[in-house]
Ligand SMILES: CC(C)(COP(=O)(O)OP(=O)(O)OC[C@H]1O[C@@H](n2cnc3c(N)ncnc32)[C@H](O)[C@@H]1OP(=O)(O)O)[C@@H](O)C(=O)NCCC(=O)NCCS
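We begin with a single chain expressed as structure tokens, specifically the form predicted alone.
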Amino acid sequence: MAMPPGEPIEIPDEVCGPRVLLRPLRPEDAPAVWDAVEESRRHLSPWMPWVHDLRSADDERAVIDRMRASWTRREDLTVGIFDRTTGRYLGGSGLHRINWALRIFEIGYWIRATAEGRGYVTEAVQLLVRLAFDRLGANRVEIYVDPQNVRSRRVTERLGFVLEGTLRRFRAGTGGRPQDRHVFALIREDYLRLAWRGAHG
């Protein structure tokens, strides 16, 4: 849902954690993103059907152009996850399927194969949760997880998201077939109780 007319939404150009930096992708990032996708196709394809649509850095550049337009319209806030020290592109995340009227945001994420298991996604999601609740007035933040994606589920559990249930045949998976999704969420009351909320590393 587009933002309410006449209501400016200020969003920082970048958000930094102890190890990662989140920012919108730029056209010059396309080769680095393409490299990460190429490295990770086998790793990502069971969970991310979009990887099959990317066949070159030019394809990625076109995707980035669409992402930047959606960011400008505040319809979708996709960010790259970068190593704060080296600048290496690690993966993607963002606030998606935004309902500005109700202040509901969905977080999605992926990480390149060689960066998996190091806590980068957990840190990125923490930063986005803080942004949503502390800066954007969120009432609810959601994460949808394929029941077979154990690593993704662990991120939600580590950060205190509440498992609300399973939506059956809810989203398209590999091959376009409908698949189940666990829905995890935080509402504002949940967020205010999180031990990590005030710990900024």
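Don't overthink the numbering: it's just position in the shown sequence, from 1. Being a predicted model, the structure only gives us computed values, none of them experimental.
The form predicted together with this ligand is left out here; the points below concern that form.
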- Is Leu95 close enough to touch this ligand in the predicted bound form, meaning at least one heavy atom pair within 4.5 Å? no
- Contact between Thr166 and this ligand in the predicted bound form at 4.5 Å, heavy atoms? no
- So in the predicted bound form, does any heavy atom of Trp100 sit within 4.5 Å of this ligand? no
- Item | Residue contact check: Thr78 to this ligand in the predicted bound form, 4.5 Å heavy atom | no
- Message: To verify the annotation, which of these, Arg135, Arg66, Arg158, Arg55, has a non-hydrogen atom within 4.5 Å of this ligand in the predicted bound form?
- Response: Arg158
- Item | Heavy atom contact within 4.5 Å of this ligand in the predicted bound form, the stretch among 172-180, 29-37, 143-151, 56-64 | 143-151
- Task: Output the sequence-ordered list of residues from 118-142 with at least one heavy atom within 4.5 Å of this ligand in the predicted bound form.
- Result: Arg118, Gly119, Tyr120, Val121, Thr122
